[in-house]
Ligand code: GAL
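One chain comes next, on its own, written as structure tokens: the form predicted on its own.
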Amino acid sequence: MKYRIGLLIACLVLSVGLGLTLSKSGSGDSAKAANGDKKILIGLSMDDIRNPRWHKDRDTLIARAAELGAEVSVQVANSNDTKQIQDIQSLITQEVDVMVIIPHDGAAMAKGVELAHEAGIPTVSYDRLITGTDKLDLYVTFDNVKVGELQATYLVNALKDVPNPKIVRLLGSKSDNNAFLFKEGQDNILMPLVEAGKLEIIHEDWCDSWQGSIAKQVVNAAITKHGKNFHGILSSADVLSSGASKALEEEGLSGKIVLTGQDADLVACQRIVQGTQDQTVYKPIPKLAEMAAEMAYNLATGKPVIVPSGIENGAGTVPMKMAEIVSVTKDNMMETIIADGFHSKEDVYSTSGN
């Protein structure tokens, strides 16, 4: 038997402040008794794993779940919404105790949440928000508006001595709600300067499914239309920066155009120390994955989950918890990426980075 989650507003102590407490309608012991001796089974429905970043999410979540005594069943949709719904149905058939979903399309996966809810399975939206359903139980993520603000702030500061700076902007995938949050954060910094005539966005476009090849096409189109007389590329993610970097290399512009990113992909960190990319946003993925595993386990076993805030998803307020982020350049690579063991010094300072 599975239990539907109830949402309570609670005044937390020990300097936690006002927060939201999630708990199942039943004690942890009763939830465990209902499961018998069966191990807690977490269903993990992933959009895609072509980006190496997602390997870290998956592997860390599985490892932390194992430490808690749980197992994880993983399904990968290869950026196909129909397949992801089928994957969720498969996990429901496996009688998972809780569902963690990394959606390809946040709106399309509302159906998956509804299916899980009908089966009595609580759902956690991971990193990307699932929209348009009031049945979503929890959202774990990073501060994605702040990601965009950090990217744009770095770019603006890097170009502060350039008269009339011109930039190209690589936006993310329209199917991912995070892409709009990144843009919102970027706009918070950029638009006042654009409106004051102190900065010009000469070209921008969305990159479907976060494909680096599309990012390369966007940069190629910008160069074809406007020439090489621009100063920065605000790239919303490192996977897009890879495509931009290839376009710049073909035009003899490597290291001459300020280039941002996010995710701290290994190749992006290599480009940063080599001087062909300038910045990334480090999101401590292991911390997020561990947090998600712990919260999912607590939901499955009837233990309370305490979160500090909520977010609107178009159908209601979803309880949300965010992990910290930091802007990374070659100047703080050692005390962030390397010190955390996210990548090794040997790997980052190798001769790769294409």
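No experiment lies behind these values; they were computed from the predicted model shown. In case it trips you up, residue 1 is the first one in the sequence shown, and so on.
Missing here is the form predicted together with the ligand; even so, the following discussion is about that form.
Only one of the listed residues (58, 321, 64, 53) places a non-hydrogen atom within 4.5 angstroms of the ligand in the predicted complex, and that residue is 53. Of the candidates 127, 97, 87, 137, 127 is the one whose heavy atoms come within 4.5 Å of the ligand in the predicted complex; the others do not.
The closest non-hydrogen atom of residue 245 lies beyond 4.5 Å of the ligand in the predicted complex.
Taking non-hydrogen atoms only, residue 283 approaches the ligand to within 4.5 angstroms in the predicted complex.
Using a 4.5 angstroms limit between non-hydrogen atoms, residue 279 is distant from the ligand in the predicted complex. Interface residue remark: residue 178 is counted as part of the site for the ligand in the predicted complex, having a heavy atom within 4.5 Å. In summary, the region of this chain contacting the ligand in the predicted complex, judged by heavy atoms within 4.5 Å and restricted to 267 to 275, 196 to 204, 75 to 83, 170 to 178, corresponds to 170 to 178.
Contact annotation for 259 to 278: residues with any non-hydrogen atom within 4.5 angstroms of the ligand in the predicted complex are 262, 263, listed in sequence order.
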